[in-house]
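Just one chain follows, in the form predicted alone, and it is written as structure tokens.
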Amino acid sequence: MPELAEVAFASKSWANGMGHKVLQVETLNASRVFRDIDPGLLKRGLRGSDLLESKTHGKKMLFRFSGNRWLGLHLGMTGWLHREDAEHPTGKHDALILRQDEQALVFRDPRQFGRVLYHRDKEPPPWWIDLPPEVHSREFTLQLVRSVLHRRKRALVKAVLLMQEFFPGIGNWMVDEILWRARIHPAERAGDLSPAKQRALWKETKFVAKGALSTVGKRGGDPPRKWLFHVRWKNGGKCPLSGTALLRETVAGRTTCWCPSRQRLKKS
């Protein structure tokens, strides 16, 4: 599933459409991405409007159009944005196509776990205003992280980091990267982390988010070379820092990779 940096990069696919009018809107009405809205309302609302601006927040995207129109997108597991030629033939999985004079802006989602939202008002939609602080922002403070860990003290720290209501945009590979850098075992209970480990978790969350955005978010592809990301799926993969053989098991319902010499589980 795309995480915050991949989402930031995906949104750039529609950048050439900024300032251009939407001449026609096509929707795959049977697609589950429209489970929260009427595709007909979306067609009528966006036709004739100009695409003005785009924003991302965690795993969510928001596009602002003229006439106080807002389009929200969530990529889900297999969704992605594409820029195609103006005469692009509608594909089997093209859930939404915004046709402009020089290009077609396409939201394609084969497995249909993504989501399309529509809103019309002068102010941004409620489902955008009420989002939690982004993990790379100033509002994402150490005190906030400590509060979350206390509130979810019985949960595994791996599970807590995957909670989008607290860590928007953080997904499975980023959690493994954060915990490896913070030297925290993924099966540690959130409430058992020392103040020093809490600080390390906060610091490395911001570091990984900013590092991913400055690389993957700008150019696509993979994060920096010496990150755990590059060896976490390899059979026989070794820790980039200690050289220890990495372990892979299911933790909090997700395939998880860690270094046993750096990330030791505290004895209860």
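Computed from a prediction, not measured in an experiment: that's the story for all the values here. Numbers follow the displayed sequence, beginning with 1.
Keep in mind that the form predicted together with the DNA is missing from the display, and what follows is about it.
- Stretch-level contact analysis of 129-137, 145-153, 83-91, 98-106 against the DNA in the predicted bound form, using heavy atoms and a 4.5 Å limit, identifies 145-153.
- Among residues of the shown chain, Lys197 is not one whose heavy atoms approach the DNA to within 4.5 Å in the predicted bound form.
- Among residues of the shown chain, Lys59 is one whose heavy atoms approach the DNA to within 4.5 Å in the predicted bound form.
- By the criterion of a heavy atom within 4.5 Å, Gln164 is counted among the residues contacting the DNA in the predicted bound form.
- Proximity of Thr255 to the DNA in the predicted bound form falls within the 4.5 Å heavy atom cutoff.
- The listed set His185, Arg181, Arg115, His119 contains one residue whose heavy atoms approach the DNA in the predicted bound form to within 4.5 Å, identified as Arg115.
- Along 233-252, these residues reach a heavy atom to within 4.5 Å of the DNA in the predicted bound form: Trp233, Arg248.
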